[in-house]
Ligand SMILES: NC(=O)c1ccc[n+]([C@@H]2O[C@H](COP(=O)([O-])OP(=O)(O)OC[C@H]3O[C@@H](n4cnc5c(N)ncnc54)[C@H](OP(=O)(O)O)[C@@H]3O)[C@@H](O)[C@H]2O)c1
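Take a look at this single chain in structure tokens; it is the form predicted on its own.
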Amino acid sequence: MRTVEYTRQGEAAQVLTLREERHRPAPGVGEVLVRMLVRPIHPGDLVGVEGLPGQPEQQSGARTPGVEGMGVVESLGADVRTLRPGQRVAVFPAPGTWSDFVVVPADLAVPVPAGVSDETAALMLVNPLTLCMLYRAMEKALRGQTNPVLQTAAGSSIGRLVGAAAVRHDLQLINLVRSTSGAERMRTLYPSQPAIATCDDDWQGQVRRHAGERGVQVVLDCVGDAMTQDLAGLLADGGTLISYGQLGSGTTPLEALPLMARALTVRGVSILRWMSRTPKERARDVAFAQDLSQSTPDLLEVAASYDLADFKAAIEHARRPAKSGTVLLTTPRTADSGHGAA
């Protein structure tokens, strides 16, 4: 059994190590043991390893990254009736998926629909569920208005999901990307949505022209850093900035934003809060994610796949600015399910 772990926070390539051991965990009551086959590298996984400026380091002890992935049920704990050994499942939230085996509560192991590939199944939950959370926050912020919405990192995995949802719901969306080539790709994907490259000197002026007199009502931002102040300046009075990530390296003090003078709202959205929804609400979200994986798997794009042991190369790839899709870490199906990996 192979496990990627770290004992202190720091640069991922330096603090992560691969450990091998003969023993595997055992499921308890209401739990299942899943033999992991595919797991994504999300930005949040690396934030957990490296930490954020100004935040205290996590508690000491060995920790394993990852909260999502796809695998096969290896064994059942007592009182599990809804799953069977050998069944393909997607798991979330399941801390420690960068391992060959992980124990999860049975109700957090979601059956993979027939016809959905292992790679798509590995991406079936976190990003689609994040889309659900963002869309609910966006609808609340719009308050029934039809003012434009601006999103950063529009070419990212979640950005593309937001773009597809905007087309489906006739939402006026303006997309921001880093480069001219990225803007051209977004225009090809979503011709009805303006795509603006922030490398252009007049990118803010372009946003204002596309937004028109009404201005931008909502900003969906996963970049942060010094750009936050520019984004707040593009909001109409009474607008809302929804922050759901921190891909940038800098920070913006909250007092630098004209919150009181212009009645602006800053709201945080995190997939880690999804478990606070009721079981019925979570079931609806999961059903949406399963349907999306079947109907539009191309929205869950894979950039590349690496063996779990090659996690350093995979992390380097995951950080490439021009990357399209999500990088995956894999375990061969031929791996010995009892004593390590082939």
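From 1 onward, residues are counted along the sequence shown. Worth saying up front: this structure is predicted, and the values here are computed from it rather than measured.
One more form of this protein, predicted in complex with the named molecule, exists but is not displayed; see below.
With the partner omitted here, the stretch from 81 to 89, 124 to 132, 95 to 103, 188 to 196 that lies within 4.5 Å of the named molecule by heavy atoms in the predicted complex is 124 to 132. Put simply, of 239, 148, 163, 245 only one has a heavy atom within 4.5 Å of the named molecule in the predicted complex, and it is 245.
Out of the listed residues 257, 269, 116, 72, 269 is the one that sits within 4.5 Å of the named molecule in the predicted complex by at least one heavy atom. Each of 42, 223 and 322 comes within 4.5 Å of the named molecule in the predicted complex, counting any heavy atom. With a 4.5 Å cutoff on heavy atoms, residue 157 counts as touching the named molecule in the predicted complex. Remark: residue 210 does not count among the residues lining the named molecule in the predicted complex, judged by a heavy atom distance of 4.5 Å or less.
At the 4.5 Å threshold, heavy atoms of residue 141 stay clear of the named molecule in the predicted complex, well away from it. At the 4.5 Å threshold, heavy atoms of residue 153 reach the named molecule in the predicted complex.
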